[in-house]
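Here you get one chain, nothing else, as structure tokens; it is the form predicted on its own.
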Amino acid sequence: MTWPKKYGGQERSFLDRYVVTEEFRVANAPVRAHFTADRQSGPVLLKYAADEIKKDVLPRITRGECCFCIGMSEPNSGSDLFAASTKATKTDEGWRVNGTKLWTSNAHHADYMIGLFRTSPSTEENHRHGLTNFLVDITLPGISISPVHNMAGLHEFNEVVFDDCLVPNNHVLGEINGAWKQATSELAYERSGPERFLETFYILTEMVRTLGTEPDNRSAEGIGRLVAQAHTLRRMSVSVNGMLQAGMEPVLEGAIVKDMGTVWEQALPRKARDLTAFTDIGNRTNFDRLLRYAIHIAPKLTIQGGTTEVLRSIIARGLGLR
């Protein structure tokens, strides 16, 4: 919605996009396949890709013809992106990539990856130095993808292994060895949207339906607290999207929204279970079904997009506390 019309976008505001995203999330709409490309990969390409890449790839994203995944986490680095060791080596033909990315969501369906690779060693003065972003065609020779099933038995995550994979020169995104600035900018898009506190919101709405129009005092108070908290998170998230609309890069503010939002949505299923445990209510079959699923997926919410511990380090650094 926010992209230039010449690439198939609508040149609408980030706040317009926010409203649509919120409605998708509350309705639990099936938008996951294309969401990464829309939310963060496309904006990275708009800012850093070569013109021929923009003209080729961006219109295909807007037409729904290609999907993206993000290659950041690795087996020995996780959310510590600056410890990434998957290596891209310059050759006469392009860049040879060797290493492994892990927990790569949707890689088995993706057409492209925005990959964070090491192109030089870090330095004592700057441990963030030496990382470069690449646009990677996931169908290139030398890439293998293996499923990683989660505790709910679902295949969302993947291990992606690069074995002497050749990436073309014009697929470098932005400054060589300076991708840490781009990565933090990208994460501001990823961490600040309504999806960071609405992923289990269906539990709250189904609980309200199940408890009916006359809940007891304990249930009514619990619902009131949860709704007030959701409203506060929404105001924070809208504010960050207003900053994006103004051309700012709210890395710190996005980290705060993601930290507070995912902690809240992770705790929501447990709070809903407690509020309904001793309440005499009617048919709760659908509520119990949704509750079981939400409890299964809740542990991942404070990990995906950056762990709570990493986010709080970013917040502390932004406040001058470390």
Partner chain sequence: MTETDDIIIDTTARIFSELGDPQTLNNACDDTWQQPLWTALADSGLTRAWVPEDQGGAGAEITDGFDILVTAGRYAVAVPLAETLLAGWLLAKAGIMMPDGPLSVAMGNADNPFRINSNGSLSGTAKVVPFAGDVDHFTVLTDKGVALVKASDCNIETGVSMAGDAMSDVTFDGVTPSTVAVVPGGFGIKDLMLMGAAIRSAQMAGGLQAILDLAVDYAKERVAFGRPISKFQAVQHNLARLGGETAVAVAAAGSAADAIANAEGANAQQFDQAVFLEVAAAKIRTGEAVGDGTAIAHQTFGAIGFTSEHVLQRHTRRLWAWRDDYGSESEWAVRLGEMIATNGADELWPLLASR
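Numbering follows the first chain given and starts at 1. Here the structure is a predicted model, which means the values were calculated and not measured.
The protein also exists as the form predicted together with its partner chain; that form is not presented, and the subsequent description refers to it.
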| query | finding |
| --- | --- |
| Distance check, residue 315 to its partner chain in the model of the complex, heavy atom within 4.5 Å | yes |
| Partner contact for residue 90 in the model of the complex: its partner chain, 4.5 angstroms, heavy atom | no |
| Any non-hydrogen atom of residue 236 within 4.5 angstroms of its partner chain in the model of the complex | yes |
| Residue 23: touches its partner chain in the model of the complex, heavy atom cutoff 4.5 angstroms | yes |
| Heavy atom contact within 4.5 Å of its partner chain in the model of the complex, the stretch among 204-212, 112-120, 129-137, 94-102 | 204-212 |
| Interface residue in the model of the complex among 58, 256, 67, 275, criterion: non-hydrogen atom within 4.5 angstroms of its partner chain | 256 |
| In the model of the complex, the one of 243, 223, 166, 145 near its partner chain [non-hydrogen atom within 4.5 angstroms] | 223 |
| All of 76, 80 and 154 with a heavy atom within 4.5 Å of its partner chain in the model of the complex | no |
| Residues from 240-255 in contact with its partner chain (non-hydrogen atom within 4.5 Å) in the model of the complex | none |
